[in-house]
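Taking the form predicted on its own, here's one chain by itself in structure tokens.
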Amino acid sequence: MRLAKFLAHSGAASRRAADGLIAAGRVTVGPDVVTDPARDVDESSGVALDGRPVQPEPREVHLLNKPQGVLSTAKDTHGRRTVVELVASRRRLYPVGRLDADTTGLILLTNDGALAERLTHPRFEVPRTYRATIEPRELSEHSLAALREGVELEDGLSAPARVRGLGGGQIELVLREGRNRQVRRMLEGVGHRVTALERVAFGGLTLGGLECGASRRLTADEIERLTESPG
């Protein structure tokens, strides 16, 4: 197994962050500092990070219904509540992607950096489904067409979204990319303010009846389906 992937499977870091740790000279294999992320290693190679032995740990993936005001990060320097604090696990978990603090709903947490990378990398186009409450309450046909074709944002044209009205000032959007505050920015781009936003599905997973603030651990079959075909 490649060294970067080994670190990710151990829960030491995400796949992308593992490359940085290796390049910084913080990873050793046996007595040697190794800066090549493609170095082949296994459990008998004596991999260590900052001098501490690293071994793959059993994979865990948890689905959390994130409440408003909770941060999608593992730690917060200002002591604010984070998604990790809401999930009961002995493993070192970190969120798969992010939801901004005001957005509620489905977020995954895992100790498998390689899986997290697969689920968030743009090339896999994993669908994310959101339910937004907007003002003004009605979307014009022109605005619907713009959302479905792509909205020009500060960081470039968004990918097309699937959009449908739900009535009562609510709409559902399905995106296959995950830029920062993307739903809010797309709707602002067509003249609508988001007053509430919830992610209700990610890949083939849904919240089901999971209460706000509650979490559940995914089954082995659910994880396998995410690994094989997250879209």
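All of these numbers come straight from a predicted model, not from anything done at the bench. Don't overthink the numbering: it's just position in the shown sequence, from 1.
The form predicted in complex with uracil (URA) exists for this protein as well; it is not shown, and the discussion that follows is about that form.
Enquirer: Tell me, please, which stretch of 110-118, 75-83, 97-105, 138-146 lies within 4.5 angstroms of uracil (URA) in the predicted bound form when heavy atoms are compared?
Expert: Going by heavy atoms within 4.5 Å, the stretch is 97-105.
Enquirer: Does Val183 make contact with uracil (URA) in the predicted bound form, using a 4.5 Å heavy atom cut-off?
Expert: The answer is yes: Val183 has a heavy atom within 4.5 Å of uracil (URA).
Enquirer: Under a 4.5 Å heavy atom criterion, is Leu197 part of the interface with uracil (URA) in the predicted bound form?
Expert: Flag for Leu197 set to yes.
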